[in-house]
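Single chain ahead, written as structure tokens, the form predicted on its own.
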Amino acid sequence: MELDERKKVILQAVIRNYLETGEPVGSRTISKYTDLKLSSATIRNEMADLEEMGYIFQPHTSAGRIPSDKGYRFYVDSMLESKDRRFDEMKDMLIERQDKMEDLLKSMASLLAANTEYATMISAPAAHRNKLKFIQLSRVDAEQLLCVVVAEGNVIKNSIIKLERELTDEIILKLNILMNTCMNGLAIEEINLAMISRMKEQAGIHEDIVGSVIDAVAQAVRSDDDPAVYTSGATNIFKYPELSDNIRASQLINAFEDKKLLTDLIDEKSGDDKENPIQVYIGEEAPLQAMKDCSVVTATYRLGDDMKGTIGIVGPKRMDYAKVISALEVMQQKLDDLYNPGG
């Protein structure tokens, strides 16, 4: 006998209900739990078939049903298959989005350099307060679990958790449900000691796994990687006599080639005020020593609430500030329109 879609839905409902309550599940409960709109008698017949097939069983006469090992195996495999599909879709989307974003930002940097005749840079968007999307624990072998953490911005981090004791599929499933229920949608700052204590209490003898998962989550939502920075128009510097002598020009060109310096500039000086996202630094106010004879104008662009990047223009102190600020505002708006339609 094959498991048709109706039997699958009923089996999943039995398992989810049993995981939540710990009590045997009856046909009346399932009729309320699903959207199948079946009578209790029909559900009883389907549950009888599932019992005959070995997916559920009756712990004692007149009781409801609970999942068998075979039932748990079906549920876990179905869940992992669904997660795998989601991972594949997310990875494809991430690769496509990254490629498009990289091309777009390179084009914008070139366009800004051509229009303003100054040197320009644009950083790729990075998460500044990343939130957890979901966690997946799955067995590697008797001594190891694979912990996959997915955070906003499609950040995916994998880590291996060493086990002191082998876990059953049911325990792994309960740990997945526990930690996803408690932490999904939270930033690392919102996962406090009281919450961790509650999760450890509910995990019982497996509290050490909760600690390992918290560490993995912290790694995933922390923005340790430097954002990519795209530059253009560095040679425009030679158009301005006050910047074109060998020493000054060489320092500026080297600064534009040093992505670490540009990343530090972005981290320290990009405008973070939503009400005033454009910042102007003149002469000694400039963020880098090599730019002390220049003016630097930076603008923050946002993709949603949690992803942001920086656009910067570097030129002489006599730069056309009105033109530069106007150009930056246009770029901000274009990025907003492209990645936040209807927002």
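Throughout, we count residues from 1 along the sequence that is shown. What you are looking at is a predicted structure, and each value in this text was computed from that prediction instead of being measured.
The form predicted in complex with the DNA exists for this protein as well; it is not shown, and the discussion that follows is about that form.
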In the predicted bound form, segment of 281 to 289, 312 to 320, 294 to 302, 44 to 52 with a heavy atom within 4.5 Å of the DNA: 44 to 52
Within a 4.5 Å heavy atom cut-off, is Ser68 in contact with the DNA in the predicted bound form? no
Contact of Pro277 with the DNA in the predicted bound form (heavy atom, 4.5 Å): no
Please determine whether Arg6 contacts the DNA in the predicted bound form, using a 4.5 Å cut-off between heavy atoms. yes
Taking the shortest heavy atom distance, is Val25 within 4.5 Å of the DNA in the predicted bound form? yes
Give, in sequence order, every residue of 58 to 75 that has a heavy atom within 4.5 Å of the DNA in the predicted bound form, or say none if there are no such residues. Gln58, His60, Thr61, Ser62, Ala63, Gly64, Arg65
